[in-house]
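What follows is a single chain, given as structure tokens, in the form predicted alone.
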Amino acid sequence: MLRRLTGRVPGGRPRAIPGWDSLDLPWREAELAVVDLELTGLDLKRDEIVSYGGVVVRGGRVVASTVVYGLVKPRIPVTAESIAIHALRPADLEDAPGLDACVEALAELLTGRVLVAHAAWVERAFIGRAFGEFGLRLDGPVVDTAALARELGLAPRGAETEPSLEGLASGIGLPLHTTHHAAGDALTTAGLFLALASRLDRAEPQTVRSLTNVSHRQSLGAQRRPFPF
């Protein structure tokens, strides 16, 4: 099936995986795919995905039946610092599928949907690089829950670190799913997204475009902000 998804267009350019294209609809009328990745490390050019999780938000609700999760066997060692966070050891990943299975699952999840992630520059960078290996290109709007939190004053603007997902969620009374587990963090991010988008909506009706604009505006320079590990 991956071969069907990854055909290149004439000239050798990557084939786009289209996201949600009706940007001016209210966000509750859009389908969104909330994604979380666990990694060998945070070097955007070198490190790799070791697990992925995702869930669909439809009609302003988390659709629990759509949760996807998988492990990925990386081609480089997992750093000790990363193992201390997500607890995925080399032995846990030895028999996992390769990157192609991850790309297949994420391409299916993201097609026709808005990508939502916490500190989304990380997911966007790693998904983009993984897709590129198979002739695919992520092409669609992206919403960043860390940026929405900054817009609402729930996280400091211009801070040296990204706000933690767990801290934001628990700070506004949301349940925490299994932390530093890709599916658990995707579910926590989905709940956080709904809470933050609803707060912004009360001040001014929000569309997919307005949420992506906030994400872009509040994420400027985010690539220089490390995580508070």
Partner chain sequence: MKEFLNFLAGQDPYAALDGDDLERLAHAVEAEYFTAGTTVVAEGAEPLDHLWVVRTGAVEVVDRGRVVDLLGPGDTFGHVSLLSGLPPALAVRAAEDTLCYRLPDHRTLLAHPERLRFAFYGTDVRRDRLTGADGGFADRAHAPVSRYVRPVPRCAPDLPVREVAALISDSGQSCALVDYPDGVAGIVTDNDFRRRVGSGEVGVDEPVDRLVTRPVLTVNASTPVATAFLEMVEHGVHHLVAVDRTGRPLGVVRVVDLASAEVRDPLVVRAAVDSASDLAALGDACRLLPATAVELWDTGVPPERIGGLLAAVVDSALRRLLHLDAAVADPGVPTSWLVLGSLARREVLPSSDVDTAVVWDGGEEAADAVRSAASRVLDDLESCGLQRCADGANANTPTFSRPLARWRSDVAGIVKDPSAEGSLLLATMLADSRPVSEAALGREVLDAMVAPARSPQFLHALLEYTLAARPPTGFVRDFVVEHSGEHRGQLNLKRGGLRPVTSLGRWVGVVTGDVRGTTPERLRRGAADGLLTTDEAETLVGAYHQVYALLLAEEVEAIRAGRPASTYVAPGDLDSLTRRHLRESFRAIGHVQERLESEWQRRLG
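Residue numbers count along the first chain shown, from 1. Model, not experiment: these values are computed from the prediction.
The same protein has a further form, the form predicted in complex with the partner chain, not shown here; the description that follows concerns it.
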Work out which of the listed stretches, 30 to 38, 196 to 204, 45 to 53, 160 to 168, brings a heavy atom within 4.5 angstroms of the partner chain in the model of the complex.
-> 196 to 204
Can any non-hydrogen atom of residue 177 be found within 4.5 angstroms of the partner chain in the model of the complex?
-> yes
Heavy atom of residue 182 within 4.5 Å of the partner chain in the model of the complex = no
Classify residue 186 as contacting or not contacting the partner chain in the model of the complex by the rule of any non-hydrogen atom within 4.5 angstroms, answering yes or no.
-> no
Answer with yes or no whether residue 60 is in contact with the partner chain in the model of the complex, where contact means some heavy atom within 4.5 Å.
-> yes
Can you name the residues of 62 to 76 that have a heavy atom within 4.5 Å of the partner chain in the model of the complex?
-> 62, 63, 64, 65, 67
